[in-house]
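We begin with a single chain expressed as structure tokens, specifically the form predicted alone.
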């Protein structure tokens, strides 16, 4: 298919969950997808008052792409769940980028709100396709093929996490290497996808974890029913879809199946601050947890050395606890 133009996707926020789907959709419509680099050495992170680091990185990555593409894709994410909502900052993300780029680049900011029904996601992408000059039939076919491609990608996700460098996790053209020797420790990493997989936020904590001989587990394949069961006993409803996923996953893994749990949070994230209170209160009611839990708060001042020290100490606790339980 003849290339219709260049479409940029910032390597930030929900890129770290949906990029394989997005890339597949746009490429099937004939667009060349360009992704921003990481924050280059000595590059200044764009600062916005009261913004969390993930939102600052979105703007920084958009600035990298603005002169290189015909459009930026920054969807207005209201809800990716039929009942619950996203952090309010996701709704304003396209507007923040539009302000930062001084309206010098076209931004595709279609609203995605799955509370409107099962076909709302398809309808959103049909409108995106229309804006890019595609027919309804072309967009629908691209959407269905992107769904299949994304589903296939998800099947090998746990293997990719443990066998590929973090930077290559979302490179769809890179195959997963064959399995090596099984790691002696299994550790669940819980948090927003961008906290888990953006090395500019976590200083590539996943690579460090694997180098210490630990296998990484995430919540990606816990069912909605499992999450709901774990949060059902809370005194207050959690209305944020990511918050429910995080809290439900933490309680699930702290009940067993892994040797330790690491919760990555963003400083200045109001949702994460509230979630920590939910977690502490539930654990207090339960009388604590027999599985070690490490909570790491990340911002632009976080240093790799400090993270290394804390993760190595956590590993010692996990190994000791596992030895005592044998």
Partner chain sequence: MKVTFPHLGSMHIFCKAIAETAGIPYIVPPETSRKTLTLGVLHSNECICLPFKMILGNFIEALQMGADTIVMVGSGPPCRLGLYDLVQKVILEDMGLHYRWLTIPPRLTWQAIWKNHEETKELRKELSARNIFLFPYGLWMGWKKMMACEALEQLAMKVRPIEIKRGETQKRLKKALSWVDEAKTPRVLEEAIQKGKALLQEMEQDRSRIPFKVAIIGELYTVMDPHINRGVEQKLGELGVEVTRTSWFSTHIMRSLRKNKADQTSERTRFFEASKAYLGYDVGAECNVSVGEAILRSKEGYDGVVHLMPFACMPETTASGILTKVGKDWDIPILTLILDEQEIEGRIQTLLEAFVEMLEWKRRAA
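Residue numbers count along the first chain shown, from 1. Keep in mind it's a predicted model, so treat the numbers as computed, not measured.
If you look for the form predicted in complex with the partner chain, you will not find it shown, but the lines that follow are about it.
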query	finding
Distance check, residue 173 to the partner chain in the predicted bound form, heavy atom within 4.5 Å	no
Any non-hydrogen atom of residue 111 within 4.5 angstroms of the partner chain in the predicted bound form	yes
Residue 34: touches the partner chain in the predicted bound form, heavy atom cutoff 4.5 angstroms	no
4.5 Å heavy atom contact, residue 281 and the partner chain in the predicted bound form	yes
Residue among 88, 184, 156, 165 with a heavy atom within 4.5 Å of the partner chain in the predicted bound form	88
Single option in 169, 96, 208, 105 placed near the partner chain in the predicted bound form, where near means a heavy atom within 4.5 Å	96
Contact stretch among 229-237, 197-205, 210-218, 148-156 - heavy atom within 4.5 Å of the partner chain in the predicted bound form	229-237
